[in-house]
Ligand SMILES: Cc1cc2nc3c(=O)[nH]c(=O)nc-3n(C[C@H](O)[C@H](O)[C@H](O)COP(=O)(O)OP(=O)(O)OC[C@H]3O[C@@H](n4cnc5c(N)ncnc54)[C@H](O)[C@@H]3O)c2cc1C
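Taking the form predicted alone, here's one chain by itself in structure tokens.
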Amino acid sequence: MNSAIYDIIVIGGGINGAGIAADAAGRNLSVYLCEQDDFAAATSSASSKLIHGGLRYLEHGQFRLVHEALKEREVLLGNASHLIKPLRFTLPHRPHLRPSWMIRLGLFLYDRLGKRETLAPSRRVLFDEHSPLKASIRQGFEYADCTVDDARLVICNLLAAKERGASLHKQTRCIQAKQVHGLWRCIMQETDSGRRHEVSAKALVNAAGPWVADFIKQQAQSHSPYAIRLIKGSHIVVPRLYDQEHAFILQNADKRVVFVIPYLDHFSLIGTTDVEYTGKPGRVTISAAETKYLLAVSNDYFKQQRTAEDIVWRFSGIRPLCDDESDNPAAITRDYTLTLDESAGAPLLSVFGGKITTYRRLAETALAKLRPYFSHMTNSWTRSTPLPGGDFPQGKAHFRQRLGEDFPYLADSLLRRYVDAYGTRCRLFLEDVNAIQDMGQHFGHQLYAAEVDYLVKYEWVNNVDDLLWRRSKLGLFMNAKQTQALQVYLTEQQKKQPS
């Protein structure tokens, strides 16, 4: 067993763990992060793909959370414009669900609770015969939020951490964490080989998401200060319901809302549900009842009707929310709680709850709690520093234009995807490309070996699921034969990687 000592060990490779690792590494701290699966394999790739304040949270009085999330929306829009895009949301008005004055008040607060620099204010809208909504729905409201590639946001934070010296390990599970002579000593086990190694640190950060309380109890042999509620959120993806580029937020009789969001040009993403979950977090799937619920809400509003046979993809995630004893899963706070256990000497910081929009601020708060233990910790830096790929000195549009001029033999749709996914980093795998033939093997749907090689070398890709469903969403387009050819290629590439 090899032994190494770090300032911080981070457990969990989702958005919160990745954000904390990046922030810490940029503050002159040595960081080790482990993830038992692929990075962003659980909750962080199963979100509604939104960076938003959470309009519906105002109804539950969560003003602090909405205020912070709206401020972070502006920060992230500036720092990760390759991954995050403004999106208009239309809220059809149905008087029997919520009165007009309530919606107007909510939107008034939403416009003013956060610093809104780039997004347009809310407004009332009228629907005509060209609306995709049923004819009985004649008016509504419109406001602005943002959409995000959630899994790639995690990867970009991990790239930022790696650039600053962090040691990152996927498919590695912490099976034991003990306090020894003022240090945390953790036994790590690789899930594929079973090999173990020991890592020590002055502080331990538990960002295990749905497993946060289990880690405290099982690996750290302690007691969790909070109970958590596991709330399942499920989504379905169907062929595009309408041609417009805006999203819809649909009210339902149970006082919940369901989003319908344009997705990958060809689809509509419909979600989410709020269902209490008691099973194993790693085995979550959408139920028949949830599928029926999402289809019913959509069909209640849109002229274009969908059935279960139209669904091209289903996914579910678990939100590990701090138990506030609410009877309604939808009303449980999405705010985060950080606890610092100093009882045994070396601190254990645990992350309960949180949402993807506030991950960066959560990381800052976590590092503030740990500051007393590290005299060499430098100041916060993430607010004004672009994430890897998000550094567009002359703007994203200018970069996209120059890319088209430099690579006229590549399809415009392909270059647009590259910029949206990788930002300026796409030049890493395009630098030696002088003709389409230089892109290497074509696996289908504009996926070339040049991109695959980059993902293996820089973004921890081991298999087709990593590549097709998290680093990209090309799995929605690839058939079984193409997927098999890609897996064969990845297997060969893995053999070439240094051990």
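Residues carry their position along the shown sequence, with the first being 1. If you're wondering where the values come from, they're calculated on a predicted model, not measured in any experiment.
Absent from the display: the form predicted in complex with the ligand. The rest refers to it.
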Q.
Can you pick out, from Ser48, Ser30, Asn462, Gln62, the residue that has a heavy atom within 4.5 Å of the ligand in the model of the complex?
A. Ser48
Q: Counting non-hydrogen atoms within 4.5 angstroms of the ligand in the model of the complex, say which of Lys202, Arg417, Arg425, Arg173 makes the cut.
A: Arg173
**Q.** Contact segment among 21-29, 473-481, 7-15, 486-494, judged by heavy atoms lying within 4.5 Å of the ligand in the model of the complex
**A.** 7-15
(Q) Even though the partner isn't displayed, in the model of the complex is Pro388 close enough to the ligand, meaning a heavy atom within 4.5 Å? (A) no
Q.
Although the partner isn't part of this model, could you tell me whether Pro92 comes within 4.5 Å of the ligand in the model of the complex, counting any heavy atom of the residue?
A. no
(Q) When the contact criterion is heavy atoms within 4.5 Å, does Ile155 count as touching the ligand in the model of the complex? (A) no
Q) Can His235 be called a contact residue for the ligand in the model of the complex at 4.5 Å between heavy atoms? A) yes
Q.
With the partner left out here, which residues of 175-191 have a non-hydrogen atom within 4.5 Å of the ligand in the model of the complex?
A. none
